[in-house]
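Starting off, we have a lone chain in the form predicted alone, written out as structure tokens.
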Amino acid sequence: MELKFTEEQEMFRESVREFCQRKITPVALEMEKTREISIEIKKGMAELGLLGCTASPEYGGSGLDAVSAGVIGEELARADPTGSIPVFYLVQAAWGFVLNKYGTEEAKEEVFPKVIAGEYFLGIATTESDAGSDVGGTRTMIKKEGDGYIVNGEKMYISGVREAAEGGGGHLTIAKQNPELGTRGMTMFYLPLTADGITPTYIDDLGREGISCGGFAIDNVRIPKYYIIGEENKGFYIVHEGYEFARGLIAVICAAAGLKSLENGMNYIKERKCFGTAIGKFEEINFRLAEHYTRLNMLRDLAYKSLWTIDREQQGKGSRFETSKAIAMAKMFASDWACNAINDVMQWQGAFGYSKECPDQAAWRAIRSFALAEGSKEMMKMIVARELLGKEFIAYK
């Protein structure tokens, strides 16, 4: 029944927290204007081994387990209210896990050293204009040609497009290889966004300004055979392992951002006076504080437990379905609970809470995205219900 951090994880947390407080917190809100993560921060993250941290040591990574990866995500979320750096981190941690597990030796040797050094960005590109949570709705196609493959299609609402297209790197991508087989005919592969035939576009997100969002057209892009991730026609199953790793990290990040915002709120309501008394004495405020604090700590515990189930599965001690359910439970209300807490903190701070000088407004905009990212909260409910009732109760089948 015991679930606690190891001494090594606690020491690692301290080193990450020290870096965050020194390098990230003082400049985090500047990303609302610069719309990028500074080279200095990326370099510092690389030196600490935070980038591509789930890659094996033989490729230069730290080989971290899911719980340890969550520790990093938690500290980054506390330090960066814009959510930019946590997203930059979690995408590469989750999909680095997939590349490390299923990628070819050639692909890992090519990609990981540059990702780990902060020179390349590694992302995920499954979403299309008509295909989000329904990955099976993908229209992008991949077909064999000679000793490689040709890819055609488009992806949209993808994190890190500018980072990969202009700075180097690429995205793990999914496409239909044998459409007549449905989801059993989808293949996953690494797609460098610097390849000929890639045309990127950029869109403005509501928040998370430090990391780009956009899409890219894929016009007869040729990739080598060694870019295939896992087996052909197995991509649909592989992609969900990456999603679940990312969802577990997102749940931790939401809890951390919400709890950090509550800290900001507590500091304010202790000092701010109304009618001659500190507003923290009013029941409407301190009761809400108690509820949010309890709920977010419940979320934090559930989030780490979900990451623990991933580690157990990798050790052969748990099933794929147990992991899916635990992860979906953790992510289901993560964004809602954190956003509700942050929204109340903004309310407590009055006009300041609505100003760009207040870090909590940036946190609200960032955390709101996680009700959608890596699978909507509605999808999480469907997954939990599926595991409780059985596949015969899936509404869309």
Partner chain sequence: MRFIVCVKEVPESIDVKIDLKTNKLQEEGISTTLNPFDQFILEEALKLKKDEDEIIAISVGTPQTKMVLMKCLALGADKAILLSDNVFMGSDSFATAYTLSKVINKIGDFNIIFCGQQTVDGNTAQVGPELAAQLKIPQVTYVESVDKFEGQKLVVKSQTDEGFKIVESQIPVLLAGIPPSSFTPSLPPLRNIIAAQNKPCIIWNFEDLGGPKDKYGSAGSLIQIIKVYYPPPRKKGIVIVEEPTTAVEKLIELLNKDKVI
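It should be emphasised that the depicted structure is a prediction, and the values quoted were computed from it without experimental measurement. Positions refer to the first chain, counted from 1.
Below, we turn to the form predicted together with the partner chain, even though it does not appear here.
> Would you please decide whether Gly353 lies within 4.5 angstroms of the partner chain in the predicted complex, comparing each non-hydrogen atom pair?
Taking the distances in the predicted complex, the answer for Gly353 is no, it never comes within 4.5 Å of the partner chain.
> Taking heavy atoms and a 4.5 Å cut-off, does Ala385 contact the partner chain in the predicted complex?
Contact with the partner chain, no.
> With the cut-off set at 4.5 Å between non-hydrogen atoms, does Arg22 touch the partner chain in the predicted complex?
Taking the distances in the predicted complex, the answer for Arg22 is yes, it comes within 4.5 Å of the partner chain.
> In the predicted complex, does Met11 have a heavy atom within 4.5 Å of the partner chain?
Looking in the predicted complex, residue contacts with the partner chain include Met11, since a heavy atom lies within 4.5 Å.
> Does the partner chain come within 4.5 Å of a heavy atom in each of Thr104, Gly148 and Val151 in the predicted complex?
No residue of the spot touches the partner chain in the predicted complex.
> Heavy atom within 4.5 Å of the partner chain in the predicted complex: which of Leu64, Ala328, Ile41, Ala28 fits that? Just give me the one.
Of Leu64, Ala328, Ile41, Ala28, the residue with a heavy atom within 4.5 Å of the partner chain in the predicted complex is Leu64.
> Partner absent here, but in the predicted complex, which of 56 to 64, 337 to 345, 30 to 38, 363 to 371 has residues with a heavy atom within 4.5 Å of the partner chain?
Looking at the other structure, the answer is 56 to 64.
> What residues of 239 to 259, in sequence order, lie within 4.5 Å of the partner chain in the predicted complex by heavy atom?
The stretch 239 to 259, when checked against the partner chain in the predicted complex, contributes no residue at the 4.5 Å heavy-atom cut-off.
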